[in-house]
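Before any questions on binding or motion, here is one chain by itself as structure tokens, the form predicted on its own.
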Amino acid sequence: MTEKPTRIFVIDDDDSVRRGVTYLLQAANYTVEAFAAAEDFLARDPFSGIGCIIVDVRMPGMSGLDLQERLNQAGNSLPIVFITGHGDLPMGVSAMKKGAVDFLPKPFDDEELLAAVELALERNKKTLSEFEDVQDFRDRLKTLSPREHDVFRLVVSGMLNKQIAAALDIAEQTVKIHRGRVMRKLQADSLAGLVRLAEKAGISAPEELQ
């Protein structure tokens, strides 16, 4: 994955908590942006690097849970660590089911928060890496000829060369040639790897085969 900037976003309406968390993260050599409201965070330009959000659950205006819902709907991949002085178990379970990395009650242990941040950053790095892999794969798909694309779709559907030849009304040897070109152009070292990338890219079998 290409090198990306790392940033932690701290959102809390309590000035003392916001400053304390910011100082803690900066002491751990993280770049931090702090906001007193979720609305202020949403007003900034979208961040495309590796990062995470630390946000209070209950704040005036948009709550942390509301922010999570908004980001999920927008497809934003930044993981969230919730901090709260008012949370309860059902609230925490709901937040975790929606993708939160952790749900920490105030006052929380510094090491506990730093561990949650590290986990969140690793999760975000993996997500972005997988996204880049899919984008690269889709770019390589554009290099296939129409016939190679037909063969590719049938290959990842699980069909054998003989079946593909019959479906496309071409010789089996021709299928083998196209299949070899597909594997080279898509830089796939195995059928299993090709199928995994196709699934991640949302490539399905032709409708007539479903």
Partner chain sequence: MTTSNQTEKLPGTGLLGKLMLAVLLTWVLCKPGVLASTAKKPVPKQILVIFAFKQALPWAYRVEESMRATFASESPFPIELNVEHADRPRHPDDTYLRKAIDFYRYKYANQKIDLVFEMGGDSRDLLFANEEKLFGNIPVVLITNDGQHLPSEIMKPNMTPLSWGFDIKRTIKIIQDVRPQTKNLFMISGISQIDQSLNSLALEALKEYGAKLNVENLNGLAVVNLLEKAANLPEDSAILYLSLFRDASGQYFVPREILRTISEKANAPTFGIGDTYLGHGIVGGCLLSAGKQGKKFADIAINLLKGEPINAAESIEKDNLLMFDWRQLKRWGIPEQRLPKGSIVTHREKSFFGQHKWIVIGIILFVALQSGLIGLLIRQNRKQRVLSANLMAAESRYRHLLRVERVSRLGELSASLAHELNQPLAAIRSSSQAALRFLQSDALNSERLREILQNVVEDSKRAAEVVRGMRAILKRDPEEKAPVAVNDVLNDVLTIFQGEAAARGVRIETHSSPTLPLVMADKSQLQQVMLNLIMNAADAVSQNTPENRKIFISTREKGGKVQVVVRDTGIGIDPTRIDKVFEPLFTTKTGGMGMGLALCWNIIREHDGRIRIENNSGGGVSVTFEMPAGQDD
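Positions refer to the first chain, counted from 1. What you see is a predicted model; the values in this text were computed from it and never measured.
Below, we turn to the form predicted in complex with its partner chain, even though it does not appear here.
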Problem - Contact stretch among 42-50, 170-178, 154-162, 22-30 - heavy atom within 4.5 Å of its partner chain in the predicted complex - result: 22-30
Practice task
Look up in the predicted complex whether Asp14 has a non-hydrogen atom within 4.5 angstroms of its partner chain, and give yes or no.
Solution key: yes
Practice task
Look up in the predicted complex whether Asp133 has a non-hydrogen atom within 4.5 angstroms of its partner chain, and give yes or no.
Solution key: no
Exercise for the section: May I ask you to state whether Arg58 is within 4.5 Å of its partner chain in the predicted complex, using heavy atom distances? Expected result: yes
Exercise for the section: Evaluate Gly85 for contact with its partner chain in the predicted complex, applying a 4.5 angstroms cut-off between non-hydrogen atoms, and reply yes or no. Expected result: yes
Problem - Residues in 152-172 with any heavy atom within 4.5 Å of its partner chain in the predicted complex - result: none
